[in-house]
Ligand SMILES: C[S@@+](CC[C@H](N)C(=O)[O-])C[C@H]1O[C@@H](n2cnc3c(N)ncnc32)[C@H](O)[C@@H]1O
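The data below hold one chain only, encoded as structure tokens and taken in the form predicted alone.
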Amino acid sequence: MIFLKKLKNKYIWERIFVERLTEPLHLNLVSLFIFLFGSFRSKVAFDLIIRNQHAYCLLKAADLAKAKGVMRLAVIEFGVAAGTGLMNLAKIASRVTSVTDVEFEIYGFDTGKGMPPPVDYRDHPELYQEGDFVMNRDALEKILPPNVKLVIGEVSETLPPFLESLQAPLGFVSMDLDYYSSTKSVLDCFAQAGPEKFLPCMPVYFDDLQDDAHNSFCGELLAIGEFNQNNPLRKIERPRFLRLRRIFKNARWVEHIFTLHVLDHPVRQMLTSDRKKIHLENPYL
């Protein structure tokens, strides 16, 4: 039903043409079979999930966590607005749990009253203004699943105590705050939080990168650049070979995926290990 509603939008047809019909015919034919009969993992691999960026990141986080013996993760969406993305996260998280047994606590951070005033040019006031993206909080809270909660207020005030009390490590973050100033507030909190609050490699989706006005000197890209410059043991960068590993290489969402590398995480500080040693075979011997 949701898929059929989305087909009414012109931009969806434009994306189908660019991202799907420009790909090899045999891959699209296989996609039809996967859509009808494939497993959840295969549908994620073939970009057949609505908001596949959420599906990829949640599944990636669950696999990383399970490999470390972690069976519960926290997920945050910064910038909830109408709540469509938050509900999508919840539905996909349920499917990821069914195939990995990793459970999710999902949190939506928002002011609850739309965007605050832009601070200066770095917030892209030509694109975003005060009052944009107002939330219908009462209606949204009535339909949220039990494992999804809203955190209402200015993120600079709500996020530090939230991270301090967080029990399950953060496994995935969807960043959709639009402004440089708001994104910087979140990343500053990430820089100050203890390393155990995160997966060692945490997928992060940055939404606001694609407009022609976006650049490295404003918005999310500026916040990322400053974060990397100021934090020697916390780095955010794109996974270099993600597009090459995808079946459908023209998917736009791939450009929005980054990884928060927590270099001071305990598992990245162990200089010795009692695990079984790795041996390589030499076929010439």
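The shown structure was predicted, so the numbers you read here are calculated from the model rather than taken from an experiment. Position 1 is the first residue in the sequence shown; the rest follow in order.
A second form of this protein, the form predicted in complex with the ligand, is not displayed here; the remarks below concern that form.
- Contact annotation: G79 falls within 4.5 Å of the ligand in the model of the complex, judged by heavy atom distances.
- Although the partner is absent here, R51 sits close enough that one of its heavy atoms falls within 4.5 Å of the ligand in the model of the complex.
- With a 4.5 Å cutoff on heavy atoms, T97 does not count as touching the ligand in the model of the complex; it lies far away.
- By the criterion of a heavy atom within 4.5 Å, F162 is excluded from the residues contacting the ligand in the model of the complex.
- Contact with the ligand in the model of the complex, defined as any heavy atom within 4.5 Å, is confined among 150 to 158, 165 to 173, 136 to 144, 187 to 195 to 150 to 158.
- The partner is absent here, but in the model of the complex a heavy atom of M115, alone among V204, V102, L199, M115, sits within 4.5 Å of the ligand.
- Taking the ligand as positioned in the model of the complex, none of the residues of 215 to 235 brings a heavy atom within 4.5 Å of it.
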